[in-house]
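Take a look at this single chain in structure tokens; it is the form predicted on its own.
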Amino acid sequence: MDSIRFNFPAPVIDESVDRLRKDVRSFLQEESRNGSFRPGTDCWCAGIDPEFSRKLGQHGWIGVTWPKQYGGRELSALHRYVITEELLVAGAPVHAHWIADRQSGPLILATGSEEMKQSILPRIAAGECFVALGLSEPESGSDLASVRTRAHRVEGGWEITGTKLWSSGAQSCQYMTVLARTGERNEKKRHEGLTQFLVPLDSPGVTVRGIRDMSGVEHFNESHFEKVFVADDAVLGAVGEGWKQITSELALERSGPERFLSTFIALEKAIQQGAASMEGHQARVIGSILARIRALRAMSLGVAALLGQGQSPDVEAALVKDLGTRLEQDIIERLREFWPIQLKQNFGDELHYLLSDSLLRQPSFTLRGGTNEVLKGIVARGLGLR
């Protein structure tokens, strides 16, 4: 086991990061007092409110790490981290801009055309333009190398045909990053011949249909592309290099605080209700949960520091998501011991609302963004065990 070398460096957090945290927290408290949003669990996936995202854009809290010429502020990954952490802890409705801020914007910055950067990134930073992911497909699960969506060369560009599943928030987005096969499929080299495209969702031939989850919310979508034409400059990066780009995005997708704070708002409310009488077994359970959150936060911050150094810590990010998503589910299961959940409409107080909502959402935590089985495979390869 000498090959085990996880790297979670402790970042140096300066005063500007702490000042930013206070500003974001103050804004959220004011918005909550004004009733502009109802705190919810899994807010980064289920909480869609374009107007709230525009408010964040007006404060300059979207795309903060991007160059100023594209609407960013050239701040650090840690500055972005504290913004996302505060939004999640407050249960704010942030999904409309979340994907574009977290990974589509950085993808465009790294691989998009200059025209694309100038026309789209400033609108994302302003909270006026949103992007969905077009990765998973029917019958493919987490096996992205098996995608069937095809893109064929035609005069002046490409024609895309296929179906994408679980494209969260696509109904509110102007664009989708679509992974399509542009080369012949080779079963021995399944990761080759894939290309990413930025597709305007108002293009002729695009259909977006909502998928209602167990909680009754339609944030998932099935998106169909029927001979959708995109120009050559819609290609992100090099043709056939899509897999390399996807894997570099995964560190951004899997390591953030959204992978262990989706149900934190329910935990916080439970502690507020039970603090006065908490003792013995209940105190030990709550204490163990908080200890796990603290450890995961240190790991997640370490990944943020590595990303800020320009590294791509895929293995560390996979470990954070595996441990974090299981904790998110475990929080609700442990709280149910003390606060039984009744799935009745309009039943109970705010804590019961948060717990029952979490119970309906938590099955997806360990599936989305790569199942935990896939993540364990990545960690095993990183350790040289397979």
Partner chain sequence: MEQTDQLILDTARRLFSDHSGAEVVNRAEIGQPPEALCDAVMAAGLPLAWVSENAGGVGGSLALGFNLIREAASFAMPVPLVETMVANLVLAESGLEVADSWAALVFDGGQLPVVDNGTVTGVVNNAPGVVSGSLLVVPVSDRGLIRVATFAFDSLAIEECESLAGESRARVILENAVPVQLSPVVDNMTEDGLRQFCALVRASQIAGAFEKITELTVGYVKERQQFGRPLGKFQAIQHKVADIAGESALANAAVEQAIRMLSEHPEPFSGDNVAFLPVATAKVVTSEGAATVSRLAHQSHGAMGFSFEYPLQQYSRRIWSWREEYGSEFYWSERIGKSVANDICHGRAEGGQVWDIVSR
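Residue numbers count along the first chain shown, from 1. For clarity, every value in this text was computed on a predicted model and none was experimentally measured.
There is another form of this protein, the form predicted together with the partner chain, and it is not shown here; the text below is about that form.
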Tell me, out of 227, 294, 153, 212, which residue has a non-hydrogen atom within 4.5 angstroms of the partner chain in the predicted bound form. 294
Residue within 4.5 Å of the partner chain in the predicted bound form by heavy atom, from 137, 314, 249, 86, is 86
Pick from 48-56, 349-357, 62-70, 319-327: which stretch has non-hydrogen atoms within 4.5 Å of the partner chain in the predicted bound form? 319-327
Look up in the predicted bound form whether residue 158 has a non-hydrogen atom within 4.5 angstroms of the partner chain, and give yes or no. no
Taking the partner chain as it sits in the predicted bound form, is residue 309 in contact with it (heavy atom to heavy atom, 4.5 Å or less)? no
Residue 189: heavy atom within 4.5 Å of the partner chain in the predicted bound form? no
Should residue 299 be classed as touching the partner chain in the predicted bound form when contacts are defined as heavy atoms within 4.5 Å? yes
Each of 15, 98 and 368 within 4.5 Å of the partner chain in the predicted bound form, by any heavy atom, yes or no? no
